[in-house]
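One chain is shown next in structure tokens, namely the form predicted alone.
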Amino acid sequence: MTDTTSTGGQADGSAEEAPPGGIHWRKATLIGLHPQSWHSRTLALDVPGWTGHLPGQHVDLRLTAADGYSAQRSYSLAEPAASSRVAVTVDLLPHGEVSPYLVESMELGDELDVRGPIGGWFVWEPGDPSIGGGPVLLIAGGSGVVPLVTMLRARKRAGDSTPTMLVYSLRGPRDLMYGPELEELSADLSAPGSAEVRLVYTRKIPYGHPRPASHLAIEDIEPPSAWPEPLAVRVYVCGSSGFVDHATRLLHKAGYPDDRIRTERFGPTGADR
């Protein structure tokens, strides 16, 4: 997720969610880097004492300068829980205060502070009894794909076969995150852990892409023919506030009631505008 306000993990426009009691800052060390697009990369951190997290939760990261000045941002967790390893995928905001350092400057062995995990509404644990056999629809706008890919990874790791589709809206090919992984995930829909993936380019399409560039439309969220029922049991939507509002209107038009829709919004902070 890009630099966010403290709304990361917030459920459906409710008041800002404060970290639960007992969550405190921990020192973390950068142990891995992986580019995800032309302007984003995944950072893997070792966080001693980390007690685990759920797909869809987020963390706060805090940078502190030598003179004591500090800045913090919220980022969705980019991998399912694995011991003391915590990963986030950060999208660069060129004039941001935090993301340029995380995307362009931070090196292996560097340290920062981590607080979390935060959020309990926008989560999907494989085997969730409230979802049952599904299906599940995931809708992402831009870097809102990060927590949804974490859900897909957790589902695949658990061997969960819930019918699932990801609809991913992005501006153009250079903005695509997790491209090879999403291609592999959707290559054979009979394979365990597979999922249908629909890429919705809004400005520029890659050569051969069958859909012309345009904003997310109701046709993009139509169910795959293999789904056992026309509407998903649960829908997760993550993106900017404008994108989430647009997607929610389309879902209502398609017949989805509010109690099937869970949303997560993000946006630049004042310091990063």
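In case it trips you up, residue 1 is the first one in the sequence shown, and so on. What you see is a predicted model, and the numbers here were worked out from it, not measured in a lab.
What comes next is about the form predicted together with a small molecule, which does not appear here.
At a distance threshold of 4.5 angstroms between non-hydrogen atoms, W124 is out of contact with the small molecule in the model of the complex. Although the partner is absent here, S169 is not a contact residue: none of its heavy atoms lies within 4.5 angstroms of the small molecule in the model of the complex. In the model of the complex, the small molecule sits within 4.5 Å of a heavy atom of D91. Although the partner is absent here, A140 lies well away from the small molecule in the model of the complex, with no heavy atom inside 4.5 Å. The contact residue chosen from E181, D128, E97, E111 relative to the small molecule in the model of the complex is E97, the criterion being a non-hydrogen atom within 4.5 angstroms. Picking from 129 to 137, 191 to 199, 161 to 169, 142 to 150 the stretch near the small molecule in the model of the complex, with a 4.5 Å limit on heavy atoms, gives 142 to 150.
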